[in-house]
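Heads up, the chain shows up twice below as structure tokens, two forms, tagged structure 1 and structure 2.
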Structure 1
Amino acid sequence: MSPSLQPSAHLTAQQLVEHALATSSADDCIAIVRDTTSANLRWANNTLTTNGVMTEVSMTVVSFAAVGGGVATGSVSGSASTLEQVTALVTAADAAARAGSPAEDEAELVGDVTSPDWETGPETTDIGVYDAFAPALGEAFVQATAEDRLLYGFVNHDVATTYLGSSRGLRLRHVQPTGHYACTGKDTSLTRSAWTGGATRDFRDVDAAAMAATVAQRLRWAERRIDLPAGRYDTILPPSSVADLMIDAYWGAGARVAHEGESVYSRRGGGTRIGDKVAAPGVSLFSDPAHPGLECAPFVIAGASDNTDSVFDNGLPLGRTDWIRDGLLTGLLQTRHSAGMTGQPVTPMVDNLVLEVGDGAGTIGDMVAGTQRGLLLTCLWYIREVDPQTMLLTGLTRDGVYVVEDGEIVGAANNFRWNESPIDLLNRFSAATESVPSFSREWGDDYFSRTATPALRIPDFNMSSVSQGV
């Protein structure tokens, strides 16, 4: 047995990748190792309840086998800290590929590209990432207790180092820091609730005192209860709510389903709406792996093929992609397979999203001051798609629907169920702020946390029914 195959408690990610590639008996193989450390704090009732650091090493093996009529693939994922675990994953992936049918997204594998830092070990995080945040949080607990408020919440910081290797010579490495915070405040009678949250790369830009102050201010706004009926309201959506909606618009932008007439991006009579007006002039929606503060993987990492991803595209370079430019649809999520169907450029998914409005200016406070009567939302949740043809979504409001009268917040309304299409909203908004880093409460915790969006004022946001949620 060669030294690289000796059992060891300290196998490197590179050794795991090389062992997978050497072990596979398929025609081609891709091995993706993620080495992740995570540090978290949780609190409730103004007391820190848990903290911890976790480490995980996982692997996805994608095997490719020539079968009658093409190439089949098999993808298997699992823990991978030992050679035995890696061998088991490879064996299962090879078997799945040989038993599979030809893949419709078959394409030539990317090969012979090596990251200059391929040999570098994984980066990590630890509880020290909260050295400044934690003491300030403790002070916030003291103040909240003195002022009859209860704080609940959590912070989490991950650093994931990904190693992607292939039998064609790919050796790519990427380090992805991801952090977020969320805090809910309640009065001691538990009749009022407010929330705030955000995303960060390293917690150096997170102010626990400011977080707690935001919650306190929103609880004060809610001291007066104003019951309102369902209807259409002049509504201010904060950047977090806009992020909720734009992520749905992004995830629904698969080129294949659009080409097949199944989405809001489908053109009547056939094909996609690329080149058509889908938003107001000045609206731009784009992704860029190098966007400051939202940096993400500059190459495709795909553990399985679906509507928007292809395992054959692993390692393809990613750059800035404009999805909407000045109101015109300019791109959809394209694999090389779907690009061949649509005749459009290959534009794979990128792990961040930025919405900008050309004349966006000012702050949410400015929007409130300019509103005669309307609503200011905190966040949206439980979002579900109703109609993909229009991208009609439904969901609920939560933790603060504030009533604005004559430019001032005068109380909190009941919660609502709402029905809206994010594409419609990009045509109907009456004002926008500058774009700022944002955090989707619905999708940011586990799926998509790198966004920058403006606040939008919607003159006729559809609150379809009253909700009893809090």
Structure 2
Amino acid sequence: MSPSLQPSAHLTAQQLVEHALATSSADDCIAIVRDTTSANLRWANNTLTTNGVMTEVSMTVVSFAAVGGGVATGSVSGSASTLEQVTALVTAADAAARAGSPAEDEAELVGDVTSPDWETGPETTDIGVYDAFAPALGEAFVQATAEDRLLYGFVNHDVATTYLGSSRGLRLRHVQPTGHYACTGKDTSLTRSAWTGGATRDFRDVDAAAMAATVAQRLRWAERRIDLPAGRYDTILPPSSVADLMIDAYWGAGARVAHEGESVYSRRGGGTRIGDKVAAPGVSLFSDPAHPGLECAPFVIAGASDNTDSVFDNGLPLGRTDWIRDGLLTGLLQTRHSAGMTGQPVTPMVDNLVLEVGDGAGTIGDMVAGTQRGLLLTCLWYIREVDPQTMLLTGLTRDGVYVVEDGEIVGAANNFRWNESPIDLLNRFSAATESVPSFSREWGDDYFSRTATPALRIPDFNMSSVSQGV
């Protein structure tokens, strides 16, 4: 592929899509254009470090060709700012499809659906999204320096407009704003550390001064250090930590691998655990593209096929999908292909996740107030799967493990390495708050920021060993 050297900066995404579909000589073609702008600020040691504004227009072309025994596909992605670039992508995708072997996930392509705003141009962001935030952050640096604190952090805002067109008549458009903020604070001797962070769609609800104040308060909580050994502790997991764990539970919920006996959702002896009790009564885990504040694409966008995605499913409508309802496993991540294998409904992945507990009530402050002796975590870090059969995860606590006595925070403990299964925790928790918008420290930045979760209290959380890290 050799991109054009000719200037052609004014092509619209719709023109790129129509050119791809018109150019393809395959039996069917899907063109996905993604127009993204992003702006970020990063800081460390009370000074700004690396900052930037990025723009990107990329296209994925998926071609479908009848070959002996079925339909083969070819998927090619690349930068797309000229018609020549698009032509090159289409040519490569068509050739790949014709040279391919029959796809196992072959299904009837979705057709003839048009978004009302199909003709609208892309939405964008720029450095101006921080017009209010940036000066306040500068003031926070000055205050932190005066009060012997160091601030480290990152804010990012991006707006991605996706156009999905197909030779079967799909013309779908979706605009996805995504933003998040996080700030870590340390005392100048680097013996105490605190963190706060969250997700946002437009930064109008993010206050740099409040963010810095939260970090300062948490550093004060840590002025008293209480060393604790490894062991099982009555532990309050805040919504951010619950989000971390539920994202792993969600990503590990592929129906095919469960059906084939390779996950915590597999039934011993064969098949999936759909219909089985996997969590305590009252626990619901679901996704919904229309969930207020967590809105995401209401249709499938798949550039390539794998265990949980199928290019044949592009354009399938997405709605509320219950994964766990009242403690019972009700759904797994399904393409139409895996749904055919497992005999279960088609429930593709949705780009948000909500955990609710039926009798969950109050706030995390209420939960602290009701704790006689226990730990309050800030967030979890470096989470990896140790054993897929139990979905045993390992990871660490980070930036504040607070000791609660008689309903009050009385100091900060050392950090711990923990070993736990999120599925097991959904059976063992002893209390839950209301669900609130949350932000996964581990996965929220780059992968999955749209979550709403409660705080959970775990009576015997396994702190496997002490970490000296601060």
Partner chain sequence: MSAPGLDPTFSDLPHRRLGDVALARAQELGASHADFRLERNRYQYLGARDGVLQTASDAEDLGFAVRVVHDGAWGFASGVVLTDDEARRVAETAVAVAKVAAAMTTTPVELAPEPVHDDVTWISAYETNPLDVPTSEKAALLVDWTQRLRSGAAVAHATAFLQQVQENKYYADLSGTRTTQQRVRLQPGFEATGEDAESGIFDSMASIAPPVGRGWEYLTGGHWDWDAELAEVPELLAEKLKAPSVEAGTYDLVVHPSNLWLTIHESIGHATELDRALGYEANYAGTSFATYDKLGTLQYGSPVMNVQGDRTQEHGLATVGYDDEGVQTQSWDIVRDGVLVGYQLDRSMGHLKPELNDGRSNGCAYADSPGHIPIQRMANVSLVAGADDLTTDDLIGRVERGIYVVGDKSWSIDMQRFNFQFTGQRFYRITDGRLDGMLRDVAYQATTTDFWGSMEAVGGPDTWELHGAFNCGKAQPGQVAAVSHGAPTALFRGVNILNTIDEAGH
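Start at 1 and count along the sequence of structure 1; that gives the residue numbers used here. Because the structure is predicted, anything quoted here is derived from the model rather than measured. We call the rigid core whatever largest set of C-alpha positions still superposes within 1.5 Å between the two forms.
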property	result
Pair member that is the form predicted in complex with the partner chain	2
Core-aligned C-alpha movement of Ser430 between structure 1 and structure 2 reaching 2 Å	no
Asn51 C-alpha relocation of at least 2 Å between structure 1 and structure 2, rigid core basis	yes
Is_shifted Ile127 between structure 1 and structure 2 (CA, 2 Å cut-off, rigid core)	yes
